[in-house]
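A lone chain, given as structure tokens: the form predicted on its own.
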């Protein structure tokens, strides 16, 4: 008895799961890049320091203030002067209070430009203290030389 051979069709894989995974990876990296840019500002060039050490634990409720060389303070994409900074801080504190926390639970991260006068930074700290903020961290760039 003779057995008939059937022509074998080429097997094609389904590309849908691969395309889906590619889009998920693109979305993941876009979100990751946005989180990394929250502590970056083009107006601020950090000073170098050999004594820099990273924080021991992640900061809870960080409020990042960028102080430019001309004394302008950037908070959440808006720019303020030392006199008007309280408006932006009040918005941030409203969010913290909405979480059931107090201003003492927030951490103020100050990123001052390397050419900014120390008095400008002191004025920013004073305004923050007037708003009952007590935890501060200064950001610098590590000098690896």
Partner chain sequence: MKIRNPPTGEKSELNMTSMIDIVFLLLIFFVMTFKIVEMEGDFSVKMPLAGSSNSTIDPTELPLKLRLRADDNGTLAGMELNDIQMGNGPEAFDKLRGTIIGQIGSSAPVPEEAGEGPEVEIDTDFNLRYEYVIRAITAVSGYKDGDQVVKLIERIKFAKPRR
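Numbering follows the first chain given and starts at 1. Bear in mind the structure is a predicted one, so any value in this text is a computation, not a measurement. If you superpose the two forms and keep the largest set of C-alpha atoms that fall within 1.5 Å, you have the rigid core.
Here the subject shifts to the form predicted in complex with its partner chain, a form of this protein not shown in this document.
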{"query": "Contact residue in the predicted bound form, chosen from 87, 60, 51, 94 - any heavy atom within 4.5 Å of its partner chain", "finding": "51"}
{"query": "Touches its partner chain in the predicted bound form: residue 99 (any heavy atom, 4.5 Å)", "finding": "no"}
{"query": "Contact test in the predicted bound form: residue 76 vs its partner chain, heavy atoms, 4.5 Å", "finding": "no"}
{"query": "Displaced residue check between this form and the one not shown: residue 122, CA, 2 Å or over, core reference", "finding": "no"}
